[in-house]
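Take a look at this single chain, the form predicted alone, given in structure tokens.
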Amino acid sequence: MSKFRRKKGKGLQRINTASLPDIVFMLLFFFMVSTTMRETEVQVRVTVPEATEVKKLEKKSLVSYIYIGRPVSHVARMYGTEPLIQLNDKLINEEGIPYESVQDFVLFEREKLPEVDKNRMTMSLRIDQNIPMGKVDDVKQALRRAKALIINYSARKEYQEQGRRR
């Protein structure tokens, strides 16, 4: 006749899952904000040359990309196998010197930037290592005429094995 009974078989307490949806949505929101989507689809094959000294770009929002290379297979059906120039996501297929397209591209990209950063706009050239230098020189001349004077050449760091160069 005891007033106090011993509780048997209760086991472990249950975990409170009331805040679980909050945590899931917080993680989902974090990954949505921090993930960047690919801005352009590269339609030319580019194998950048190796360099002994490589420096990263500081402010990528000021960079516009120019790709020069041979077209990938599905694009080659339309344009052939001659080297093409891709300005961010737009292919240009002009015979001769691509002055007007490159100049229009530079002006369009410059207008998207704030007034403070317009003079610091960088044109990054990603050029296939097997492209003739004449095509690259044409693009450089067009950039010079468009007053895009800060040019970056993309390259990959030279592979070094045990302190020796290849």
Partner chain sequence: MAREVPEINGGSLADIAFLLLIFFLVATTMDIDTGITRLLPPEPEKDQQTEVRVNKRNVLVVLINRSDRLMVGGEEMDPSYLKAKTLEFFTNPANNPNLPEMEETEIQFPPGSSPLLPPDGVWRGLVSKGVISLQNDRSTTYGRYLQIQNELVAAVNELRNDFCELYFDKSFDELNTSDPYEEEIYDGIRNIYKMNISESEPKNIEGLN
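Note that the rigid core is defined as the largest set of C-alphas that superpose within 1.5 Å between two forms. Note that this is a predicted model, so its numbers are computed, not measured. Positions refer to the first chain, counted from 1.
Absent from the display: the form predicted in complex with its partner chain. The rest refers to it.
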Its partner chain in the model of the complex: within 4.5 Å of a heavy atom of each of V54, L57 and R126?
yes
Quick check on L27: any heavy atom within 4.5 Å of its partner chain in the model of the complex?
yes
Under a 4.5 Å heavy atom criterion, is Q141 part of the interface with its partner chain in the model of the complex?
yes
Heavy atoms within 4.5 Å of its partner chain in the model of the complex: does M37 have any?
yes
Heavy atom to heavy atom, is D137 within 4.5 Å of its partner chain in the model of the complex?
yes
Against the rigid core, is the Cα displacement of N152 between the shown form and the other one at least 2 Å?
no
